[in-house]
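Let us start with two forms of the same protein chain, each given on its own as structure tokens and named structure 1 and structure 2.
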Structure 1
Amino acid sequence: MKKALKIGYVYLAVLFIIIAIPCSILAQEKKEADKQEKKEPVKLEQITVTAPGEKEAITITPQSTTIDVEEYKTPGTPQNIVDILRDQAIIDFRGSSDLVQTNDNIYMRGFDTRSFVTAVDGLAVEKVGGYKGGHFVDYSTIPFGQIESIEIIPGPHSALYSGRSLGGVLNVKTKTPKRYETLKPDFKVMTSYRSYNTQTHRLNLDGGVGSFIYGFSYEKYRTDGYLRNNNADIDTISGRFGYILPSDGYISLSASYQEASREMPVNNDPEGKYKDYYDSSYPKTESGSNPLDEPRRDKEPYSFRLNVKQPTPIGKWTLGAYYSHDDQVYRYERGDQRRYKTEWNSYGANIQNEIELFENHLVTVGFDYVQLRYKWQKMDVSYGGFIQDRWSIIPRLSLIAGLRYEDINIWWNNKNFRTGEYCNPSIQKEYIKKGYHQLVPKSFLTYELDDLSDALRDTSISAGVSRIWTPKSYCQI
């Protein structure tokens, strides 16, 4: 709780700066505008506009499908990115309720969250609390207001992501830092109300002063839920500061904090084992535990992220790093108010360089690192190194060939904390460390057919052949 308060103070400070800076600089801006008005008009030469006239909400390429979150329109109010992703048939929504979305509630290409990667700015999300067998991704913890686009990369053909990406990768890209023409920040406000007292309120603020940029977002989601015992109340705040470097590079540091309380739907079956507690004002529900348990999950996760991008004569460098803390208290109050608390800490970093090493060869070399701890017990340490060459063999034929090496150490749980039994009785330890490593080749070939016939303009065929490998699928942490 103290940590949460500290983070709250940080955000109050951020909020103060965000409001104070624009107020103090608005007067300065007006003076500058007055000066500009007095200047002589500038006569411009003819300008050729080459940028596309209208931004597309969905962009399809052979390697990926990208959804521009700002442009994308849905017949509803997206609670988080799941409500956008589930419009794509490659995503299978598996949640118990669309009003109260929980962890791991989507599959990609038929694979669950342990077998595809969800990344934020290229860095994979590892764990979001709960027991060891689940709770890998909670999409509500990614601040919606800070998202620029979602890149859906089907299949395991990218060497830039871990071997866990059997089904593919969902890469959530946050807003790219940009210079602001005026000192006034951009505000965006959204409020919505839906049946079952479902409310979504969102405030986003983005601005900049010279080369410095800042952003802040607040989201409130609450609902009474459709099912019995299925209220939810979620508050998410995020902020970021950044500096735009010379040569269009940038440094950006962001933080997010969430307070979430989600009730879990209970059994409400007039013919089931809890028929004595049936409540006809809610829909019949055959699943779920004893209605008197009133189970719910509360959590206060927070995370910090660093993004750096800098073009240099020796390539475009990208650095990302994060720390995230995910705790979760599971409550079910039936007299004795038993409860379980889990706490996960994860760190990750990624550095890569993209360089045109030879003519027609765009080479990306990088290294990534992830460490996952349960409380402070190491559970997983992964190192990955990769090289990828985007080779234009001939103007119409390109090959993306990659090699990825992964070295993964997993501390497998060897003791059932409830029964005290050991999974492997010959080793009387709570955890057993095991190491795994593998070299994984990736390839993706694309041939553009434009030259073959007029009927084949803007047509390409592609084939990807890649090895898939991960030791994490077994009783995954």
Structure 2
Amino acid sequence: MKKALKIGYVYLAVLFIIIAIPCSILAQEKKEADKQEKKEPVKLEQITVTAPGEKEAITITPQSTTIDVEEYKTPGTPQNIVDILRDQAIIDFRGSSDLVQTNDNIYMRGFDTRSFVTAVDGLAVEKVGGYKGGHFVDYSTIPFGQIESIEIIPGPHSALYSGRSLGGVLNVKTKTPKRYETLKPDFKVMTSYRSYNTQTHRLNLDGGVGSFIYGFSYEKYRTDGYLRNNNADIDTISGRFGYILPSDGYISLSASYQEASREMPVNNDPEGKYKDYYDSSYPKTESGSNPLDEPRRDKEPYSFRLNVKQPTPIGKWTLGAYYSHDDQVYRYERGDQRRYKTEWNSYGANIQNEIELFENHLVTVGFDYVQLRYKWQKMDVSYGGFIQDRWSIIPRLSLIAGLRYEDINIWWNNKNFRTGEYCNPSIQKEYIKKGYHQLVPKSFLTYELDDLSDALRDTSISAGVSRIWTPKSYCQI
């Protein structure tokens, strides 16, 4: 009996130890955890992440906004750059329909295309078609497959562009040539279909052999449009051939051709002048011509462009040159099928050098030239020279200061085409040449507020002081 009691006591003691020790350990751990919770948080030193992040579709700085075309997402398939630009607050889209892009259908900061500059690779694009008083830029003629990014520069504060940039600058940057490790080209095919029988079919082929590169693109766009008599059928072909220089520079020659037919919306008002021809299957449209006219605009523009980039010990040199031709035929199918044809030819060239003179100074100096002809008659010839300095005064304060000289010659029409009489009888010439020239200073100061407060992160204040000068060119009258 005593032996059984001893065994029982031993068993209880062992059981107590088995239960008590873990409980004591758990209690001690909980006590330590409670102490840890009551301690002040540990403040870590600043951590710098060096891994590459995702590419941003839009880069915004006080001086400009840059849109990466391939990364930027839009509803549907963009037909041309207008489908991307119209999302930006600085751009006002004024087209009659977003399905059929027409000339001059966007405004920039309240200015139409006569008062802001459209450029490709820094070289301004002059008037390319339309009547003498309008239709300056048709953005569908810039091959979408060759575009890398779009730079939006607000205001007239860049000395690199003409005085016509009152509202700002849209600079379309084409893709930079790159080496291909294999002979296998990059091949992309895209097709889309949406309402109003709107179709986009696009093919892009890019490749290279050693230092030589090539590219080809084709795009087919057609739509029945939203409004009455609003059909469009556009074919665009472009190609590029280039050579990559040993110094990481390049030479690139590109060409594009387009065949386009766009109908022009007509009046469709049940109570208006042409109410007898009203069609209820289309939206009401109070403006426009007689529905029986069935007007449309046919065109076959083409262009050639040369781009050269050459880094050197004394700066990075770039050269651009282009020639473009645009002839449009305005057709009215009623009666005698009246036709009005316009034909424009333009040339342009730009050479500039970016030099880092000091650690905080990037100086750009250059010269540009543009000539515009209507049916081979000179209309506008412009020369410009410029120098601009980007100066980082302190880490938060920067200044862009420049000086531009412009010499513009305009051939004014001196003959009334209705009466055949000369506007200035003392000068018996159809066109009178007049010259204009001016020295134009430009500046833009920016102070970044990021370091002052967390609430001011990505915030800055800017002030631009620039002289505004430009004569009304022939095409603006």
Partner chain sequence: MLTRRIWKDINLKVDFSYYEINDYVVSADSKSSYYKKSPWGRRKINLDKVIKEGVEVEINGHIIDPLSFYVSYAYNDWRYKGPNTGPAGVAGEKLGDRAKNRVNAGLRYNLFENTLLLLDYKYQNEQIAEVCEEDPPGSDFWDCYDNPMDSYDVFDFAIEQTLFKKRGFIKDAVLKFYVNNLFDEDYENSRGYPMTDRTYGGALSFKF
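Only the largest set of C-alpha atoms that superpose within 1.5 Å between the two forms is called the rigid core. All figures in this text were calculated on a predicted structure; none of them were measured in a lab. Each residue is numbered by where it sits in the sequence of structure 1, with counting from 1.
- Between the two isolated copies of the chain, the form predicted on its own corresponds to structure 2.
- Annotation: Cα of Ser64 displaced by less than 2 Å between the two structures, core superposition.
- Thr446: CA moves 2 Å or more between the two structures after rigid-core fitting.
- In a rigid-core overlay of the protein, Ser287 has its C-alpha displaced by under 2 Å between the two structures.
- Here Ser460 exhibits a Cα shift of 4.0 Å between the two structures, evaluated on the superposed rigid core.
- Relative to the superposed core, Glu359 moves its CA by 4.5 Å between the two structures.
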